[in-house]
Ligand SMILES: Cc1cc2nc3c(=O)[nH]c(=O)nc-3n(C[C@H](O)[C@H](O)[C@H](O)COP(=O)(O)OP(=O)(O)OC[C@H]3O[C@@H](n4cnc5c(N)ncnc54)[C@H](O)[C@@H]3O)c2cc1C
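A single chain, nothing else alongside it, follows as structure tokens in the form predicted on its own.
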Amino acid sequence: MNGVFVVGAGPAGMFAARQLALAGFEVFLLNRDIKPGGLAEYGIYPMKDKMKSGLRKQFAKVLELPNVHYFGHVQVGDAYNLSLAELEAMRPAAILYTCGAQGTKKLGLPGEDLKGVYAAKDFVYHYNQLPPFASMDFSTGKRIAVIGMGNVAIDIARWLLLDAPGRRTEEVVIVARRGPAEIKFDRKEIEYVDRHIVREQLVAELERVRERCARVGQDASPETVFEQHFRRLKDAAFASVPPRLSFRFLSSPAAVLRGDGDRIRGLEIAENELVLRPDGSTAAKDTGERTTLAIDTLIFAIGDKHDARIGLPMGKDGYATRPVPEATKEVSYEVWDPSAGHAVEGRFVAGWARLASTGLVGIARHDGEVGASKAIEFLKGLPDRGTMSANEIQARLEARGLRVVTKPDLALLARAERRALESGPASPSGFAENEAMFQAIDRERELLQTSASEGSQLVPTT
């Protein structure tokens, strides 16, 4: 049998598995988390129920395919549960890595390891209740700086301003190294929180950076910026409400300042000017001027990077892929071994594992499907590699002491989550700890077994 392993069950992995299964291959999904979905489950804002529900239904249809096999709670990687050598020993005909970009870019600043300083992805995992992040300390104070001006930064601001349980937030400051002309967040996202902006404060900030932006041909006038990004602030009747959301443009973090008890007490800010590059884009250049923001929490949303601990060959931009001429605009999905100077046969990357922090669910789906098509092309006419069966793989994983979650287990967990919802409020993504999920699965299994046993006793004997 020629089986295909898909490592990672986020959108790229799930839709790749679907395509591979429909092409007739046995597909084995290995996922770090108990539940499938990846960032579609644990990265989308908790209150976007309709979007999450729709994606869960699509993923459920993938798992209904009889030739798709699921092994959750198995983290693949040389530093994790299952090394790449152990994975290869199961004789996959092809492997498609869709394990995302689980590394975290660091600020590279003095003091970034102080208490109250968090990477955005970890913070999002926490409020979306992904184990083990759900039970970690991500406490926030009253004045919080968020580095970055994309949708993730605005989602975090929304959580802090509106939805965090027991929130103490008085102000969230969005710190951006470039100017307002290079805002990345969507208008729809900012409209969840724009009523927390003090219009006069934003106007003053735009006037502060207006001249520096104009030197590179960018219009930072309040009229233009409001029209492009803050439409509701144009209304004469607009009135802000606490807590505050403010912006600090042309500013980069320079140092994290230590307070009492190893917790952050402030952020030293470098003032920037914009410099035009030959291609028309801009670069932020430090002017040497420094300012201090008095904050007690810092969250940096500056992108993700690939996790070298998995063991895939690394290139300058993440996992190494076969080099292609830039002029062709071809996209490479084949894993490349730089030391040997050749592709790793039958091994592919897709989604954020191919290109980190790129696009939302639709883009990840497309990339996963293209990656799957590359694997299918490779598999055509390939001799039988004798891939282990699902039962053999599960037995080998369990022999290593792993608590493996299968498709029947997921069905039991879904029953338990529905039961919990009926009895009272639950976390946005169900049970917030792995052990709680395992206990729920075991309880549901026992209930079903008891019900079946009682039912059999009602059958008359002859």
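From 1 onward, residues are counted along the sequence shown. Computed from a predicted model, the values in this text were never measured in an experiment.
The form predicted in complex with the ligand is left out here; the points below concern that form.
Problem - Position in contact with the ligand when the complex is considered in the model of the complex, options Leu250, Leu160, Ile190, Ala364, heavy atoms within 4.5 Å - result: Exactly one listed residue reaches within 4.5 Å, namely Ala364.
Exercise for the section: Would you kindly say which of Glu26, Asp33, Glu417, Asp409 lies with a heavy atom within 4.5 Å of the ligand in the model of the complex? Expected result: So the residue touching the ligand in the model of the complex, by this definition, is Asp33.
Handout entry: Non-hydrogen atom within 4.5 angstroms of the ligand in the model of the complex for each of Ala9, Gly43 and Thr98
Key = Checking in the model of the complex: Ala9, Gly43 and Thr98 are all within 4.5 Å of the ligand.
Problem - Candidate stretches 353-361, 215-223, 274-282, 200-208 - the one whose heavy atoms come within 4.5 Å of the ligand in the model of the complex - result: Going by heavy atoms within 4.5 Å, the stretch is 353-361.
Handout entry: Partner contact for Phe238 in the model of the complex: the ligand, 4.5 angstroms, heavy atom
Key = Outside the cut-off, so no.
Exercise for the section: Examine Gln75 and determine whether its closest non-hydrogen atom to the ligand in the model of the complex is within 4.5 angstroms. Expected result: Yes.
Practice task
Decide whether Gln102 counts as a contact residue for the ligand in the model of the complex under a heavy atom distance cut-off of 4.5 Å.
Solution key: Result yes; Gln102 sits at the interface with the ligand in the model of the complex.
Practice task
May I ask you to state whether Ile310 is within 4.5 Å of the ligand in the model of the complex, using heavy atom distances?
Solution key: It does: once the ligand is placed as it appears in the model of the complex, Ile310 has a heavy atom within 4.5 Å of it.
Handout entry: Those residues of 221-245 which, in the model of the complex, come within 4.5 Å of the ligand by heavy atom
Key = The stretch 221-245, when checked against the ligand in the model of the complex, contributes no residue at the 4.5 Å heavy-atom cut-off.
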